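Shown next as structure tokens: one chain only, the form predicted alone.
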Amino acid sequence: MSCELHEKPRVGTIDPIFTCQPCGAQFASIGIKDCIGIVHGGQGCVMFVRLLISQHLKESFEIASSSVHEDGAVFGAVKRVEEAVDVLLMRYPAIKVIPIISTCSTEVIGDDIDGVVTKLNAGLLKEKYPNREVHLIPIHTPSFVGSMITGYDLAVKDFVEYFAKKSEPNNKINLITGWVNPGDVTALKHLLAEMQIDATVLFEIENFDSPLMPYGNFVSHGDTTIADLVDTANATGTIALNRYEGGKAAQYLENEFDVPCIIGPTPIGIRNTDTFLANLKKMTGKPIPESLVHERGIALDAIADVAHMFLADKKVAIYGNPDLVIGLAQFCLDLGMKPKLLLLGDDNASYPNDPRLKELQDNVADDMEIITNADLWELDKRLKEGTLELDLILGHSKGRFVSIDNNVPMVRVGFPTYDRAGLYRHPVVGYAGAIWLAEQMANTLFADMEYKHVREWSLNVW
């Protein structure tokens, strides 16, 4: 048996898995309190990304555009940034953090967003807003390289690099969640509370599961404050849950401020959650309490109820954010399932050196293909040609037509999910996430059997 890792054998992309870098920077920015980003580019660079995030989280939030038009594309558009900053500050008196996020068009025409930040700091902010705390942060995310994953990773590092300042130890840990859902943040905070660990949860979006209140509409915002970001340099250590979504910031804090870091593994499934708790214990000295041992036991029992009889030997394809895909593949293997195809939607040069992928290559017992710079057409083509047989697909909503056209059931997981209700509330991390994922996969297979009028022989029962 073999596990092959290679780039897709085509230059073009058909039905992409990811969108572009500015999307990732925008997602990172919404995790900061008193922050509204300005996306320096055409209106679509905000409109379509904002729509995607709103469809996923089902919430309203604020993000701005410099709204570059034809004249700016020809003659330069930094004036639009100056106007946008002024309008934002006038309209939103509480705003303190304004990331200026570049796009492909403004990077191509050579707009100097670093220079305009210097100009605004020396001019507009001193003259018109002299007594106001305002932080303008240039974030370079050209759309013609990388993906929304690299955009998120770069933005997280830029925010931390801008704010972090060494002072007195705070006896906290930094927890960089990566690209997760509100339900994941709730689950992670629960694990930290059970271990009595004081942590700064960074770029956290738990509040995006927002209430409807009798006194008016609620506009969602992140809960990471400027003080939290400043204090990252004084932590006991940093744990970044994802290698490609926050790993750069964790490494920066270690290199610049001697804050030791642990990067991954993403706590998906039992063994990775065990490792996460062991890393917390190692970093803080706090013991793992009996309450979490009990939770682990509940998760193991729930998984035992479905794994052998219903999930074992089921063939699965997985696509989406790389840390999520790898974590899901590890969990599926632990359940006795057979991941046949993993699709990573960008061409990150470090994938071949990822120890988790090397572990899969060394230890997988069945044929598996891992494709980088992949698109959903690769999955669709294999199914239509009959070179890939699947029982299940794991991925976000953009792959729903592959599932529908090829009559393969699909569990929605990852970003964006917009054709199932309430998934952002359900964690995929921790012991609670392991239960949800295992039961969701089993129930999806059961529903597919009913739809196809299949009898019980398709399950591992007699």
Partner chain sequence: MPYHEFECSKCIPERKKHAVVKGPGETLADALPAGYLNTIPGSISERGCAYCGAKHVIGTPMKDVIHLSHGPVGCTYDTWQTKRYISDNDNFQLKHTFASDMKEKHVVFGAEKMLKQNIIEAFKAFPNMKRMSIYQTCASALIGDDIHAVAAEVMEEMPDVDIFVCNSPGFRGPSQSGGHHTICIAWFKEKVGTVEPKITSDYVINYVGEYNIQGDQHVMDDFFKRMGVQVLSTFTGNGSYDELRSMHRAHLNVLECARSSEYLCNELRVKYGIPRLDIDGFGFEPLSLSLRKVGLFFGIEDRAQKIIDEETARWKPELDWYKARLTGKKVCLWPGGSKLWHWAHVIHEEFGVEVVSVYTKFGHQGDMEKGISRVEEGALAIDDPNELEGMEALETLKPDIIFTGKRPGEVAKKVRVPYLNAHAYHNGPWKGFEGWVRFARDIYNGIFSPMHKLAFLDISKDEIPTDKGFETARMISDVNLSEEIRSSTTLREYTGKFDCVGEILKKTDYPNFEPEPVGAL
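Residue numbers count along the first chain shown, from 1. Keep in mind the model is a prediction, meaning the values are calculated, not measured.
One more form of this protein, predicted together with its partner chain, exists but is not displayed; see below.
Think of it this way: in the predicted bound form, its partner chain has a heavy atom of just one of A84, I262, V306, L280 within 4.5 Å, and the residue is A84. Listed residues L423, V408, A432, I63 were compared with its partner chain in the predicted bound form; I63 is the one with a heavy atom within 4.5 Å. Its partner chain is not drawn, but in the predicted bound form it has a heavy atom within 4.5 Å of W377.
Proximity of W436 to its partner chain in the predicted bound form: non-hydrogen atoms within 4.5 Å are absent; the residue sits far from the partner. At the 4.5 Å threshold, heavy atoms of G386 stay clear of its partner chain in the predicted bound form, well away from it. For K119, no non-hydrogen atom is located within 4.5 Å of its partner chain in the predicted bound form, even though that partner is not displayed. Of the candidate stretches 354-362, 326-334, 153-161, 207-215, only 207-215 has residues with heavy atoms within 4.5 Å of its partner chain in the predicted bound form.
Taking a 4.5 Å heavy atom cutoff to its partner chain in the predicted bound form, the contacting residues in 8-22 are K8, R10, V11, G12, T13, I14, D15, P16, I17, F18, T19, C20.
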